[in-house]
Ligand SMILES: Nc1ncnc2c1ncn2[C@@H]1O[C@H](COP(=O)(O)OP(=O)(O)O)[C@@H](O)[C@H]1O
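Shown below, as structure tokens, is a lone chain in the form predicted on its own; questions about how it binds or moves come after it.
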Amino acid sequence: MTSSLDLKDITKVFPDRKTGHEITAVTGMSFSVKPGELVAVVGPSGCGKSTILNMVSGLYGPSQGEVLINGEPVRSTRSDVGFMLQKDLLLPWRNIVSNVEFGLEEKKLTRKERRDRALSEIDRVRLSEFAFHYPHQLSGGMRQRAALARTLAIDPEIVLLDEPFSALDAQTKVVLQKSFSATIAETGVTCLLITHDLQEAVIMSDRVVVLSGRPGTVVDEFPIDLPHRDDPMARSMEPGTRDYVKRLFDTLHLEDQAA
């Protein structure tokens, strides 16, 4: 089972300790993610993209509005929401299988059940031969695959992705995007992807949400009507891909001029 996600008229205000004033990160923001859908969110730096992920994960709540998962308000962190960041954050003193088991240690599973599930996810991301290696023995792309295995091992219904490929070189990024998309398509998990890469937003998602500059609000939203969501490399070769990327660029360029 996968979950739906709804942001309804969200505003988030933070106190500015330096000035004593308040900073509004996002305002009046509303959009939804259907079960099994991958939605990409793009926008200028500082427009509140990471704030959205933190509210969905339950790290903090909105100042106004509601974040709903399956129609229920998010009040705190949830075990059915996985979070994958720019950095893999693998624990250097644990081998890969032990890192993947980390999120399972709070669940009521036997040691064998934890190990079996971890090894299954490691196999899914094609790292079986490195299961007992340590993070420093793996490349950056392999560590990100291990981070994905750790995220999926907890059997999340929603996965939040905060620019997970941004720190990789171009070749590794393309390979990992393809591997990741195939894995996500196989699991059918609901995903919310934050990215600055307009091409990535188009080739990986079912739908794109475009935010304005701070305070962020939705200025455009449209489905990506292209095949091969499970294969970004193939989708990038589709004739319509360039048109979608241009639409994103034009929208963000107009926002930049209006700022």
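The structure presented is a predicted model; accordingly, all values stated were derived computationally and were not measured. One rule holds for the numbers: they count along the sequence shown, beginning at 1.
Below, we refer to the form predicted in complex with this ligand, which is not included among the displayed structures.
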This ligand isn't shown here, but in the predicted bound form, which of 41-49, 221-229, 201-209, 65-73 has heavy atoms within 4.5 Å of it? 41-49
Answer with yes or no whether Met237 is in contact with this ligand in the predicted bound form, where contact means some heavy atom within 4.5 Å. no
With a cut-off of 4.5 Å between heavy atoms, is Phe249 one of the residues that contacts this ligand in the predicted bound form? no
Can Lys34 be called a contact residue for this ligand in the predicted bound form at 4.5 Å between heavy atoms? no
Which residues in 209-239 have a heavy atom within 4.5 Å of this ligand in the predicted bound form? Arg214
